[in-house]
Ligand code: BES
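Next up is one chain by itself, shown in structure tokens, the form predicted on its own.
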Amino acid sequence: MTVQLSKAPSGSVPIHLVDRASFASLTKKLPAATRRWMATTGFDGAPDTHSLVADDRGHLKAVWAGVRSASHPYALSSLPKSLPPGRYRLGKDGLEPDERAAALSWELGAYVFDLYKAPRREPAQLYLDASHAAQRGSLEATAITAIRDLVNTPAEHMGPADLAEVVKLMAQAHGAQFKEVIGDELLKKNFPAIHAVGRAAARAPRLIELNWGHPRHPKVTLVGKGVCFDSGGLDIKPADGMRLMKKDMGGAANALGLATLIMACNLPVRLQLLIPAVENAISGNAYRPGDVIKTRKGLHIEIGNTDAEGRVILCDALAYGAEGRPDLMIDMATLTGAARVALGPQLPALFCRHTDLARALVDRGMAMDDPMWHMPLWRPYHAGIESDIADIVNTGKGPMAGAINAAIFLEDFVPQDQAWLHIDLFAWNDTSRPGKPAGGEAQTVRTLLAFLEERYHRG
């Protein structure tokens, strides 16, 4: 951890925060030489810039850091890897610091996936008092970096069993119940769609389940798509399409991260986490285009394309989750390229039956810089996923509205009276920005946590 929740040691360097609007007024009391230095170097309080101020002996005396606002979740993210290594604390000469945002943004800015390669340098360390706000920011950062690690880990070391082990460890840490249904037991326990997709792999498919909370509390069910690697199956992907498919369990990673935060924050809910975990592989017993698969709900799916496997495994998990009649069910999945074509990598697609709820979530996400964007569950398109020989087909009849087709496919497995959110996310940064390095990413987790805290607040 690069954020230390303890008293700043002697000699730690203060970081004073400033934005462009307040730059002139906040720096006018500085020595003339310091102001001239800032002018010479072009520092004007712009976000993600900073100015190093030395004392008379040439030692670092202070840092002035430009931010959008002190409460922005990535306010300090540009600093840990760009400041000289050492110990820092929040100063008092600029904007009033926000300790939650400081802890969160510093840790996210310091993140590096170092499982296989040592980092080039140690990031700078920030000392914060162990306030509730700082602890909360640190908690959120820990969950987000864990999500990133899961997504970044190659499939060789993050198969279905490895993912299950991570969930098991989280269950043990929070006193939750853990169980899994593995391999051919999926058929005996009536999860045939999960089994069909994963049966060709050398590593057995499974349904991972975690349960936590008081029986009297409202039930919240989280479902995460756990395709640990997606070759496309017999409808094999081209090489460039397969290159990042270690991230196809990004929905599971995000659902697990959200579940961890729910437990760590001790929300008054009865939590169920479901992760259908498979590898979509190719062998002699791989499921085929044209096959018809019976699902847990009893609906029959015609397989139009084996590369549309995520919705196939999710349908069994959603049907199972709905059997428990939760107050709310949320699924998270790296489900369609169509959602990325429509919204790009930074905006997950939100599907929700209630427009007012969807709009409130969009507004909350935009305000928190953890966005999602509402897309319609347009039922007239259902005709495009209806099969001549089965109830539905896992591909549409054309290339248009692919994300909507996938969402209404899943909707068939969710009772009409069930409150349900479907989030089609990318779980990946294609380019690096402060606090958001290229690679695996948490998306919508902070927004959903805030929404759940408001929905299930303690009376």
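Predicted, not measured: the structure shown is a model, and the values here were computed from it. Residue positions are given as counts along the sequence shown, with the first one as 1.
Keep in mind that the form predicted in complex with the named molecule is missing from the display, and what follows is about it.
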Open item on the list: Based on heavy atom distances of 4.5 Å or less, which listed stretch (246-254, 176-184, 72-80, 294-302) is in contact with the named molecule in the model of the complex?
Closed with: 246-254
- [ ] Would you check, heavy atoms only and a 4.5 Å threshold, whether Lys237 touches the named molecule in the model of the complex?
- [x] yes
Task: Close approach of Ala342 to the named molecule in the model of the complex, 4.5 Å, heavy atom - done: no
Open item on the list: Against the named molecule in the model of the complex, would Glu309 count as a contact residue? Criterion: heavy atoms within 4.5 Å.
Closed with: yes
TODO: Answer with yes or no whether Ser105 is in contact with the named molecule in the model of the complex, where contact means some heavy atom within 4.5 Å.
DONE: no
- [ ] State the residue from Leu258, Val223, Leu335, Val197 whose non-hydrogen atoms include one within 4.5 Å of the named molecule in the model of the complex.
- [x] Leu335
- [ ] Would you mind picking the one in Trp64, Phe409, Trp420, Phe426 that has a heavy atom within 4.5 Å of the named molecule in the model of the complex?
- [x] Phe426
- [ ] Enumerate the residues of 386-401 that have a non-hydrogen atom within 4.5 Å of the named molecule in the model of the complex, in sequence order, or give none.
- [x] Thr395
